[in-house]
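In the block that follows, a single chain appears as C-alpha cells, in the form predicted on its own.
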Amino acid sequence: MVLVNENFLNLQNSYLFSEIARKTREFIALHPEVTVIKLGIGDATRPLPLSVIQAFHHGVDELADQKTFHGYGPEQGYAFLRDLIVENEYRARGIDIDPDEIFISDGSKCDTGNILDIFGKNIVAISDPSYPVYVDTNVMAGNAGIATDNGQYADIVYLPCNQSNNFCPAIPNFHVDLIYLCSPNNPTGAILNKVEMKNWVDYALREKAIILFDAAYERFIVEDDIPHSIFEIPGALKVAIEFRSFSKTAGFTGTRCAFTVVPKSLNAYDSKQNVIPIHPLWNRRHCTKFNGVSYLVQKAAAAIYTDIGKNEVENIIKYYQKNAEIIRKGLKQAGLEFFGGINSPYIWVKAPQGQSSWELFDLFLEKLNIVGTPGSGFGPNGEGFFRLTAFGSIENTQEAMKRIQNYNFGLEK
C-alpha cells in the first residue's frame, strides 16, 4: 500500500492564482463579447530586451558549433553570470559577497519553497498577508500543523500586517527560528526602511534565527533610504538568505532565471546544538535536485548587465512604474483607498462599503471586466483588500482606470 505525504492534504482550497484563472476563464466563456483586462497575476508583459534576445541568438549559434557547444553546466550557475551579479548587485552597493555564494536557479518561487529541504522542524514566522507560496510550502514540509477556523495554521507564527502598522510586520516578543520577509512587499506594496530592517537583523542575531528575505521587487525601489538588499544591514550576512529574480525586472517570467544568495558565514544547528554551516547544505541540495539553468538563459541574463542591457531594463521598470502611477491616480479619482505602488509594482486597494475581497473580485470581473487578486487569498489579514498590478500594458491600464472612475462605488470622490 502506497502512502502519500499527508501534509498535502492539509492545504486549503486551490492555489490562489489557479482559482483566479479558473473564474476568469469561466466568465470569458460566458461573455465572449467583453474585453477583460487582467491586472491580477504579476506576470511581465513587456517583451524581452533586445540585448537579451541577441544574447539568446548568439547562444544558439554557440550550441550549433562543436567548438563552442555547451552540455551540462555547473549546477550553481556559470561563473560569468555569478561574477556579474556580485559586481553589479552587491559590490556596487558596498556588500562583500563572493561568487560562490550565488546560486542561479529557475525562479525565486522555487527557491523560497525548496530552501525548506535543508531545515528541520522549526518555528516559522510569516507575514500575513503574504505571498501564498511561503505558507503552502511550509504546509507541504510539515511545519504548519492543522488548519484553524480562521484560515491560518496552528504551528505558524503569523505577523499581522495592516493599516495600523503600515503593513510592516512587528518583531515578536518571543522566539522564532525562520522568518519570511519580503520588501518591497507582495502583495501590499509596503517597504521596510533601514531602521526596520536593522531591527529584524538584530532580532535574528539575538535569537539565532534565520531571515528568508525575498527581494524579487528591489528594482522598483525609488526612495533613497530603502535597502535594496538585506545585506546592506550590518550583521545580515550571519543571519539571512536572499532571493532575487529576473522575472519582473527583465521579463524572464517565461524563460525562468533567478538567484539565491547563501552566505558562507550563515550557520544553523543540529539536534545536539553543533554549529552547522548552511552554505554547504544548500550547495548539496542544489546539486542533487537541480541540474542548473540552461546555458542559453544564463547567457541572456548576463546581457542585462551590459551598458545597453542596463538601460533597456531601466526602461522596462519605468514603464511599469508609469502604470503604477496611472493606477494610483485613477483609484484616487474614484475615491478608493489604497496603499503601495510607489516603491512597488503592486497597489493594495481597500474594498469599499465593507465588501469582502472575493465580493470585490466578482464586482471587478463582472461589472468592470477587470481581473485583480482578492486580498484574502494572501492570508486572513488580507481580507477586505484587493491587489492590482502594474504589469499590464499602459493602454489596458488606462482603460481599466477609466472603467473604475466611471463606476459608482457609492463613495464621495
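Bear in mind the structure is a predicted one, so any value in this text is a computation, not a measurement. Quick note: we count residues from 1 along the sequence shown, nothing fancier.
Not pictured, yet referred to below: the form predicted in complex with another copy of the chain.
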Have a look at 361 to 369, 66 to 74, 348 to 356, 26 to 34 and name the one stretch with heavy atoms inside 4.5 Å of another copy of the chain in the predicted bound form.
66 to 74
One residue of K318, K194, R91, K121 in contact with another copy of the chain, assessed in the predicted bound form (non-hydrogen atom, 4.5 angstroms)
K121
Go through N150, T288, N166, Q333 and name the one with a heavy atom inside 4.5 Å of another copy of the chain in the predicted bound form.
T288
Closest heavy atom of K248 to another copy of the chain in the predicted bound form, within 4.5 Å or not?
yes
Any of the heavy atoms of K322 lying within 4.5 Å of another copy of the chain in the predicted bound form?
no
Looking at the partner-bound form in the predicted bound form, is G142 within 4.5 Å of another copy of the chain by any heavy atom?
no
Do E314 and another copy of the chain come within 4.5 Å of each other in the predicted bound form, heavy atoms counted?
no
Contact at I95, V157 and P374 by another copy of the chain in the predicted bound form, all three, heavy atom at most 4.5 Å
no
Quick one: name the residues from 127 to 145 with any non-hydrogen atom within 4.5 angstroms of another copy of the chain in the predicted bound form.
V133, D136, T137, M140
